[in-house]
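Presented as structure tokens, the chain that follows is alone, the form predicted on its own.
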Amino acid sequence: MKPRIEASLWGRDFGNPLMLASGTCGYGTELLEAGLLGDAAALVTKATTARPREGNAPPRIADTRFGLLNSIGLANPGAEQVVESLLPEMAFAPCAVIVNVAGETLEEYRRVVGILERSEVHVGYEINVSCPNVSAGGMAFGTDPACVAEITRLVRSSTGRPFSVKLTPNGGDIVEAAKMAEGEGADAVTVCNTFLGMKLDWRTGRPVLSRGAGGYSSPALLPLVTARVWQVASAVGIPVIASGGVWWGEDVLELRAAGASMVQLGTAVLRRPSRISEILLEMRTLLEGS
């Protein structure tokens, strides 16, 4: 079958598969004001927690030769403020809005979704299971398929809206985690979150980021993401949303060929917001010439 620009997710038809990844566009208000959301199919907000978080101490972003390291620490104004002030500003956005949900305990996920349910702006959720489970010594929820299953079950019991579970590549079995999410009612899985990385100052031997390690995003990760998308898409029956490694229109087409229903753009748009429209044009040019 010849690749197409058109894409669909959760019963919604989109003009293209391009989504803006969580953490790279805030809650979308700045890009909306700048008129840069017209070619996006959907926008995933930055992670939202129950209570406001200031995030990690700076420096918390570091540029690298081929990508970007970040350790933001889930900085956000809290779910109540998101519902009252931020989501209303996105009510007339030209793209669908999806809220990324994070938590430090299993119960926090249910609590955040319960608060966000008061808004009619967003079409669904992306559940970030890469967060540290404070009740279990800080290990990421997503490395334990049983935790992924329990979070999915809690979220499913709290909303009738569709949601995707955003999986981690940093430990555990990502295919098994995807299966568990599907089994407990997730409507999609996002593959995947950033990869663990670190940058050191060779003069001092100290990490550049205040927290040491951070999440690495880069076009160089495309083969790693493609492999995981292929593996997960071959194992589950729900849609797979690809996230990571995209810089060119050809990258989006490759991830679609691997089984992705939608493809998220992150670092590329953070570096250059106009990449949304440029990548879409590249895709159309490639397909017209194929």
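Since the model is a prediction, treat every value here as computed from it, not as a measurement. Residue indices: 1-based, along the sequence shown.
The discussion below concerns the form predicted in complex with a further copy of the same chain, not included here.
J.: Want to guess which of 151 to 159, 166 to 174, 120 to 128, 179 to 187 is within 4.5 Å of a further copy of the same chain in the model of the complex, heavy atoms only?
T.: Stretch 166 to 174 is the one.
J.: R51, V83 and D144: each with a heavy atom within 4.5 Å of a further copy of the same chain in the model of the complex?
T.: Contact check failed for every one of R51, V83 and D144.
J.: Within 4.5 Å, heavy atoms only: does F92 come near a further copy of the same chain in the model of the complex?
T.: Residue-level check for F92: no, no contact with a further copy of the same chain.
J.: I'd like to know whether V236 contacts a further copy of the same chain in the model of the complex, with contact meaning heavy atoms within 4.5 angstroms.
T.: Judged by the heavy-atom cut-off of 4.5 Å, V236 is well away from a further copy of the same chain in the model of the complex.
J.: Can you work out whether D39 and a further copy of the same chain are in contact in the model of the complex, taking contact to mean some heavy atom pair no more than 4.5 Å apart?
T.: Because no heavy atom of D39 falls inside 4.5 Å of a further copy of the same chain in the model of the complex, the answer is no.
J.: Check whether R111 has any heavy atom within 4.5 Å of a heavy atom of a further copy of the same chain in the model of the complex, and answer yes or no.
T.: Residue-level check for R111: no, no contact with a further copy of the same chain.
J.: Scan 190 to 211 and note down the residues that get a heavy atom within 4.5 Å of a further copy of the same chain in the model of the complex; none is a fine answer too.
T.: Result: F195, L196, G197, M198, K199, L200, W202, R203, G205, P207.
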